[in-house]
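What follows is one chain in structure tokens, specifically the form predicted on its own.
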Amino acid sequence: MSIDVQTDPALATDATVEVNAVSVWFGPKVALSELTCSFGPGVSGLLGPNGAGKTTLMRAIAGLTGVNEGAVRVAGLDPRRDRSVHSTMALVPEDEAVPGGLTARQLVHYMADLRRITDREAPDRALRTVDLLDVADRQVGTFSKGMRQRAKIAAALVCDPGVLVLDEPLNGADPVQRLHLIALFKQLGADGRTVIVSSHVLNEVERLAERVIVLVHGRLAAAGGHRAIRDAMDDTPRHMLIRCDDSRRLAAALVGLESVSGVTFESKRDELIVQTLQAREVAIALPQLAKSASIRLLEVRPLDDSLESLFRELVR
């Protein structure tokens, strides 16, 4: 399926990370194909099914993977060739890349030394930011998966990056820490940093990202706010759930609307499922229609206005 992504230009004028016509292949396997997109200040979510090319894109942005065609630029520089760009960027990989014999404090100090950070208080600030300061002298190998993730994030934050690339950073975190990390990423974005977050937990991306990039088979499937993307999919019916005190009469009235393409009556739950290509028109007409028929509306909500439903439609 394809949609008009011009609702959100692929290359934004304030972009700090630009991906222009990039193709990457490994032997016969094409990981990215003529991909053009960009990331600017704030939090952007990177979505796609397994094998869509998300990790390849993140590694290309970090300069760890070369591109066969096209160009990647971070702050106008090639991250593969210009090492100076790495002083303003950090990557948190999904894979377990943490030496288990180091303590969390040693790990973050090590990264600070690699980045030539002169502020000796920076490691403790980074550990405090991810709520690991009280266990900073424990070996990382004794940590839970969620704690190891936070140790990796602290190691990335120690250089105070302007561009932060996070590959599945919430994996293994408990619910409280997930909330803490989501708040942290949103704050980093609000501070003007470019935060790119890959995740398979779509409702979490919906909560933390202002903008979404969707990859399918190494290509750009959509870019923009998830509701703007959903609105652009004008060839795909949307579904609304309606509960009221007289579903049968309301169903009969809704069928007469030109904006309604179908109505399903769920008698056991006394609900209506309305199918439409013009959800806004239905939402405007519904209150007046119910009032004219003396029907009391109890609940009206979209069934497919989430990233979960959007993602299902984009990858089918």
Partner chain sequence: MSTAAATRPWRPRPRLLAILVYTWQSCFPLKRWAAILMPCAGALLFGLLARAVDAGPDRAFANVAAEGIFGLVMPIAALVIGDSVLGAEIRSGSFYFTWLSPAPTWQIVLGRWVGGSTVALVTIAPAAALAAVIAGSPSSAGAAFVAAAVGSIAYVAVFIAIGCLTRRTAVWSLAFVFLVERLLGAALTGIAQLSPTWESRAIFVGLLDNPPNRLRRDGIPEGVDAIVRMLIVTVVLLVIANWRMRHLRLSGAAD
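Numbering follows the first chain given and starts at 1. As the structure is a prediction and not an experimental result, all values here were calculated from the model.
Omitted here: the form predicted in complex with the partner chain. The next part is about that form.
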Have a look at 243, 80, 239, 73 for me and say which one sits with a heavy atom within 4.5 Å of the partner chain in the predicted bound form.
80
Just one of 107, 195, 223, 209 has a heavy atom within 4.5 Å of the partner chain in the predicted bound form. Which one?
107
With the partner chain left out here, work out from 92-100, 200-208, 177-185, 213-221 which stretch has heavy atoms within 4.5 Å of it in the predicted bound form.
92-100
Using a 4.5 angstroms cut-off on non-hydrogen atoms, would residue 126 count as touching the partner chain in the predicted bound form?
no
Just to confirm, residue 157 within 4.5 Å of the partner chain in the predicted bound form by heavy atoms?
no
So in the predicted bound form, does residue 68 come within 4.5 Å of the partner chain, heavy atom to heavy atom?
yes
Partner proximity in the predicted bound form: residue 144 to the partner chain, non-hydrogen atom cutoff 4.5 Å:
no
Heavy atom contacts to the partner chain in the predicted bound form at 4.5 Å, residues of 18-34 in sequence order:
24, 25, 26
